[in-house]
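The chain below stands alone and is given as structure tokens, in the form predicted on its own.
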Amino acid sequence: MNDMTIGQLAEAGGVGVETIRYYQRRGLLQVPETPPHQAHTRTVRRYNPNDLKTLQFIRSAQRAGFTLSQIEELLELDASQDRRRAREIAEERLAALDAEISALQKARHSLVKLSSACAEGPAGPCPILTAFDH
């Protein structure tokens, strides 16, 4: 696709039109310029493959857990080729993921213990149910 409408860009990127507009308001995606010969008429702005590439980058970075502010900085760093700062942002995200993984592993361990206690324990309230009362 070499000349997409906002609807076509949204569909190709797997998002809604309002998401495109939101990214534009945030400065993550550029608003295409209106062609000079259409400046005084209702125009349909056209998006190019680079716009789709940027949209796909934003969505991939979001799936990796980056915030929109971090994505904005990564896009700026791409233009300046500041690899050091890009690596720092990635390492910050990795540290956050490691903390989340650790918390999930602790929660899993606790649930395994509670489940085992529920299955093997004496009659009475299940430890799983009483554990969340506190």
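The first residue of the sequence shown is number 1, and the count goes up from there. Keep in mind the model is a prediction, meaning the values are calculated, not measured. Just so we're on the same page, rigid core means the largest C-alpha set that superposes within 1.5 Å between forms.
Omitted here: the form predicted in complex with another copy of the chain. The next part is about that form.
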query	finding
Heavy atom of G16 within 4.5 Å of another copy of the chain in the model of the complex	no
Exercise: T54 in contact with another copy of the chain in the model of the complex, heavy atom 4.5 Å	yes
Contact label in the model of the complex: R46 to another copy of the chain, heavy atom within 4.5 Å	no
T67, heavy atom within 4.5 angstroms of another copy of the chain in the model of the complex	no
Stretch 62-98 - residues with a heavy atom within 4.5 Å of another copy of the chain in the model of the complex	R63, A64, F66, L74, L75, L77, D78, Q81, D82, R83, R84, A86, R87, A90, E91, R93, L94, L97, D98
Residue shift check between this form and the one not shown, rigid core fit, V17 Cα at least 2 Å	no
Did D98 shift 2 Å or more between this form and the one not shown, C-alpha, core superposed	yes
